[in-house]
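First comes one chain, alone, set out as structure tokens in the form predicted alone.
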């Protein structure tokens, strides 16, 4: 069904264009020569976005290739205009809370309804393919991970009592997207998903992600030692490259792309940060925080409560589809961690507590 278009004459929509991952998708689409329309709550976000992505808009006339349409996931307003004339849609926007909501539905409903709103508008506008940013949160939560390597056939169990609202929202929203394709799309549009793990890497502008918060906490020495938490991590540049490749690859539709490298612990991240940044005056903790300490904190800290499920519980995923799609190895842990730290420093989110005197 998919035909390859001349990028210069092809308009691509990126929802939530000012977000951390979305900025990387926008940058790579611009580099490839596409006309990019982003959505944001306010069209006035364009000036800042163009400034932050200036290196990708250096060619004469390239600034005109990036526009912003005002649209919000919680309302139908603006979506028909946003998708009009677009060949492809990257639905990247999704609510990510700084702390778990009191009512899981505060997260689940906008995630699910927003996804369906975008898919419906895309279908009505004759869009050829939608690439949906899902998450490993929709793959490996509320299930037993013991000795298991997860594939695209695996799903989180949103009914399990150990699962958080964010994991529920990503699972339910992605399930709803596939159901929509089966019941409503009638073969007129294609869908593929990208399911990243914990996303690190550089920031374009001051758009910090929830994942960067972990690096910031380590650099700020917010805890005296490292909890034994392990995550499948990925660089935002690989997430964006997977999005762009999945947009036109003939065999991408119908697949979920588990986008992460091997499972690594926060202690692995801390060791890299300490090696590079402690000589500059940071005091990144590298010792191991006992599990009981996190469990105790979790009794009165809801964010810590969500992490308890990941204590000593690795996330192993089969990333063959992504590596084949990219045709190259994925970015390694050192690179993604140090580029995240460099961005946090660049935008003033972290600074050494004291200068070491030689």
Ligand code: NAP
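Positions refer to the first chain, counted from 1. This is a predicted model, so every value here is computed, not measured.
Below, we refer to the form predicted together with this ligand, which is not included among the displayed structures.
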message: Based on heavy atom distances of 4.5 Å or less, which listed stretch (265-273, 174-182, 247-255, 132-140) is in contact with this ligand in the model of the complex?
response: 132-140
query: Is there a heavy atom of residue 196 no more than 4.5 Å from a heavy atom of this ligand in the model of the complex?
result: yes
field: is_contact(residue 113, this ligand) in the model of the complex, heavy atom dist at most 4.5 Å
entry: no
- request: Classify residue 261 as contacting or not contacting this ligand in the model of the complex by the rule of any non-hydrogen atom within 4.5 angstroms, answering yes or no.
  value: no
- prompt: Using 4.5 Å between non-hydrogen atoms, is residue 295 touching this ligand in the model of the complex?
  reply: no
- request: Let me know the one among 220, 154, 213, 72 whose heavy atoms come within 4.5 Å of this ligand in the model of the complex, would you?
  value: 72
task: Select from the listed residues 192, 168, 128, 94 the one whose heavy atoms reach within 4.5 Å of this ligand in the model of the complex.
output: 94
task: Give a yes or no on whether each residue among 202, 337 and 346 has a heavy atom within 4.5 Å of this ligand in the model of the complex.
output: no
